[in-house]
Structure formats: C-alpha cells, structure tokens
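One chain follows as structure tokens, the form predicted on its own.
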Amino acid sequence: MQIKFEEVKADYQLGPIRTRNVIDDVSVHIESGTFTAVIGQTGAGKSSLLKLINGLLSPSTGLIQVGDIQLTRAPEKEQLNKVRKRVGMVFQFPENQLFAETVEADIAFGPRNFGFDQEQINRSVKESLDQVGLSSDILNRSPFSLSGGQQRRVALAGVLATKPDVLVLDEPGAGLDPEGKKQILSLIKQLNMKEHMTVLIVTHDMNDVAEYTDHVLIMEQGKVICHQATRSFFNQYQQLTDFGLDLPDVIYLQQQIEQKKGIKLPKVSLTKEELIDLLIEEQHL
C-alpha cells in the first residue's frame, strides 16, 4: 500500500496551545512494501508525520493518500475508520497501553472494535500472536505478568490483529536491551518482507537504519529534506556529516579498513556480514 503526501501542512493543537506547521509543505511518495526510517532531530516533525498517516492528526492544507483512501482537512469519520484499520500504529513504549486482564482480551480489543465477528477475532488473535513469536500458552495470562520484551510483542500483536497493510512505529526499540531490540526489529523486518507490509519507523539509531531499512526519510523543522534509498544514502559519507548524523558502526569500520589497507571496496556495507563478504572477495582478486 503506497502513501502519498501532496503539499501537506499540519498544525498541532493541545487545548489552547497551538503549534503551527509542525508539518510544513511536505510532498513525498512512500512506495508500497518499503521499509522506511524517518529520522531527524527532536521536534523535526517525525511523530507528527506518522500520526498524519494514521489519521490521528489531520492536515491543515494538502492531501494525504493511503492506498485508495484520501485524507484532507476535517476528514469524515468513515474515512478515519478506514485508514485506521489499514494503518497500524505502534507508539513509543506500547506496553504502557496494555490494559486488559488477559493477553487474549488485549489483542482482541482492536478486531472487536473494528467489527470483526467472534470467529474472525479468534483467528486474528492466534495468527497475530504467532506473527510476533509468542506461544498461545500465554493467552490467559495477565499481560502485566510478562517480561518487558514479551509485553511489547503483545502490544504489537494487538496492532497486527486488525490486519493492517501499513505499520508505523515510533522508536520500536526504545528502552529494550540490545538483544530485545534486535528481536523486535528483526520481527518487523520479517513482517515487511514476508507480508509485504509497508513499514515506517522513527529511530535515532543509524545502525538500525543501515541494517533493517531500505529507504531513509530525513525531516527538519517540519520539512522532508531528504528521501533516498538506504544504500545510496550511506554511499555519500559527506551527506551524513552535513545532516549532523553519525556513521553506522559497520560503515565506520569499513572506512578504517579501506584507509589502513589502501583499498576501496566496491560498495558500502550495511551489515557486518556484507563487510566480511566484501573483504573475502577482495582477498581473492
């Protein structure tokens, strides 16, 4: 499912406090089935961009198209329900949104709210639990009795149970230890590849951008200032410096090896495995 922004501006209002142009004249096309990292400094508009896709924030001007659904200023309730069924949103620390007495009831909440019948709900609960790698043995347990990593998986399962075509996540690895973070991001990548799900994540970790995503979207003061394929983006080292971004560890290591050995590898490595393969090939040349 593709996503298009056409000259979109958006204001953010909380009670009497209004922040104008948190999104400022954005035109961008997110292709169906891609995995895009949304990066930028605090206050750049990253989370607001995700909320626009999900209909939690409405544009003040311009047009947003999610598949065949169009969102403009003051969209109708029917349009919002449609887009929220198609776009699953996972907030930062989603385990804080768990509320039900059992894991099963928590995961079933979304499908029930969207009008699934009981048979569909039961099937969705089991399928989404399987998607996040959890056993059905925990369905009758309290979600609050689970580990932090398990709670986050249950929260993600609750979003997946509504069968979205698009998944948007705000810092999905925040607060997890390195292994827990790797497991969650690997799971999201599998959903992108196996289910052809369009994924956007907000992240500050350039290592994650390099390893998991295929596109990079950079925001600054509500504007999109760069939208590029990940490998092409990291091929331009100077560009990262210009944007005030750190090099991923593997690319920094590649630079150091190239300088020490006096060689130039044929492409930038986005993972350690890629770098090892390139170095082996270099030895055989």
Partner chain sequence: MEQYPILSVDNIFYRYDLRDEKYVLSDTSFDVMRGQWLAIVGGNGSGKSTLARLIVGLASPESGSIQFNQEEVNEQNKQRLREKIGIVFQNPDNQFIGTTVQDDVAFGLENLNIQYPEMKQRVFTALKQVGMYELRDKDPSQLSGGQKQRVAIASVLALKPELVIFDEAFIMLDPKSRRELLKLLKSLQKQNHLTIISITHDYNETVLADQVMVLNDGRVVDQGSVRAVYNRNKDLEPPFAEQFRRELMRKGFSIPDHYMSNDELVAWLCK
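Just so it is clear, the structure is predicted and the values come from calculations on it, not from any experiment. Positions refer to the first chain, counted from 1.
There is another form of this protein, the form predicted together with its partner chain, and it is not shown here; the text below is about that form.
Stretch 197 to 205 is the contacting one of 68 to 76, 197 to 205, 117 to 125, 134 to 142, since its residues have non-hydrogen atoms within 4.5 Å of its partner chain in the predicted complex. Checking Ile39, Ile64, Val250, Val224 for any heavy atom within 4.5 Å of its partner chain in the predicted complex turns up a single hit: Val250. Heavy atoms of Asp130 never reach within 4.5 Å of its partner chain in the predicted complex, leaving it off the interface. At a distance threshold of 4.5 angstroms between non-hydrogen atoms, Lys261 is in contact with its partner chain in the predicted complex. Although the partner is absent here, Lys82 lies well away from its partner chain in the predicted complex, with no heavy atom inside 4.5 Å.
By the criterion of a heavy atom within 4.5 Å, Lys163 is excluded from the residues contacting its partner chain in the predicted complex. For the partner-free chain shown, just Phe93 of 84 to 111 comes within 4.5 angstroms of its partner chain in the predicted complex, judged by any non-hydrogen atom.
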